[in-house]
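Just one chain follows, in the form predicted on its own, and it is written as structure tokens.
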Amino acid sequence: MTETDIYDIAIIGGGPVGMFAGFYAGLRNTKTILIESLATLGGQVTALYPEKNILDVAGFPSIKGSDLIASLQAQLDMFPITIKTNTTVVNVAKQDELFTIATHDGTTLFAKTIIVTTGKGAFEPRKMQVDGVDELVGQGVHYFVKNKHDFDNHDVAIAGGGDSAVDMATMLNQLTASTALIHRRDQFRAMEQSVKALEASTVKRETPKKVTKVEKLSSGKLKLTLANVKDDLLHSDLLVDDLIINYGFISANKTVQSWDIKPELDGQVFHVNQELATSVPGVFAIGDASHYVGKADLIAIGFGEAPNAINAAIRVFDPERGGPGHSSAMVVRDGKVI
């Protein structure tokens, strides 16, 4: 192993926050590697809601998920950051003054510091617990919306009551023949402005109701049987072309928890201090992978944490380096800040 084999910073997790951290590491002229287990960067935004309009990113009144990832990729491309996708980190250990990062393909990487941006870990959609639904996935039942135009002029029902479900309903309602939003409560758990937009739309609100049966008819339509949550004897039917289930996702950090280094956890995520440092010196965690009192799990928060974590990491391996100046005064040439 030579100095050229050692990274200043290894960022583990290639979602939006990890991508922005990589960009900022480039601004600070650090040798950085970004490691992502999925085939592409973008994390949950790419995998779960590329068509969703994201409303909490500064400077954008609204930006589609896939457009946000494309812009982050353009930022990242400004610097010679090493990016490894389809690469799962199976262990992180400390060896002398370096961290060793073992990946699923038998490769070992070396880094002076680690920044974890894995969110809450591997994720999968929360399933609808109704008999027969899983057999209809891909036949009118959907857990993901990759292309909103797949639903042009369709009759669509969306099951869920959080931000994603409410935003999905108002977005698709501009394209569909009809849109219904099914939620087991009278009140929705979305941002106030999102609920206000829903109420001003023509989306039919089926509340407080739950789906008790999904049947595929010979016509190709789906027949949804809805029960009133407050009175199971009250039933109604809804005929749609598509049912989109948006109950959120289940995540688990089992891989992270199996590492040799054992940073202190707060639930499934890492407990950090004001510098985003974990209990293991040289290891930092940002975005949904970290927690501190008062934190909100928003992309915008993770974006703000990234520069602080990068600067704190630099102080670990180069304490004499001066702090960053204003980005407006920086000049980028040939992938470096001069």
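In this text the structure is predicted, and so the values were computed from the model without any measurement. The first residue of the shown sequence is 1; numbering continues from there.
One more form of this protein exists, namely the form predicted together with a small molecule; it is left out here, but the text below deals with it.
Q: Mark residue 249 yes when one of its heavy atoms lies within 4.5 Å of a heavy atom of the small molecule in the predicted complex, and no otherwise.
A: Judged by the heavy-atom cut-off of 4.5 Å, residue 249 is in contact with the small molecule in the predicted complex.
Q) According to a 4.5 angstroms non-hydrogen atom cut-off, is residue 173 in contact with the small molecule in the predicted complex? A) No, residue 173 sits far enough from the small molecule in the predicted complex that none of its heavy atoms falls within 4.5 Å.
Q: Could you confirm whether residue 79 comes within 4.5 Å of the small molecule in the predicted complex, counting heavy atoms only?
A: Flag for residue 79 set to no.
(Q) Is it the case that residue 28, even though its partner is missing from this view, gets within 4.5 Å of the small molecule in the predicted complex, heavy atoms only? (A) Taking the distances in the predicted complex, the answer for residue 28 is no, it never comes within 4.5 Å of the small molecule.
Q. 87-95, 133-141, 106-114, 237-245: which one contacts the small molecule in the predicted complex at 4.5 Å, heavy atom to heavy atom?
A. The contacting stretch is 87-95.
Q | Residues 100, 270 and 282 all lining the small molecule in the predicted complex, heavy atom within 4.5 Å | A | No, the whole trio is out of contact, none within 4.5 Å by any heavy atom.
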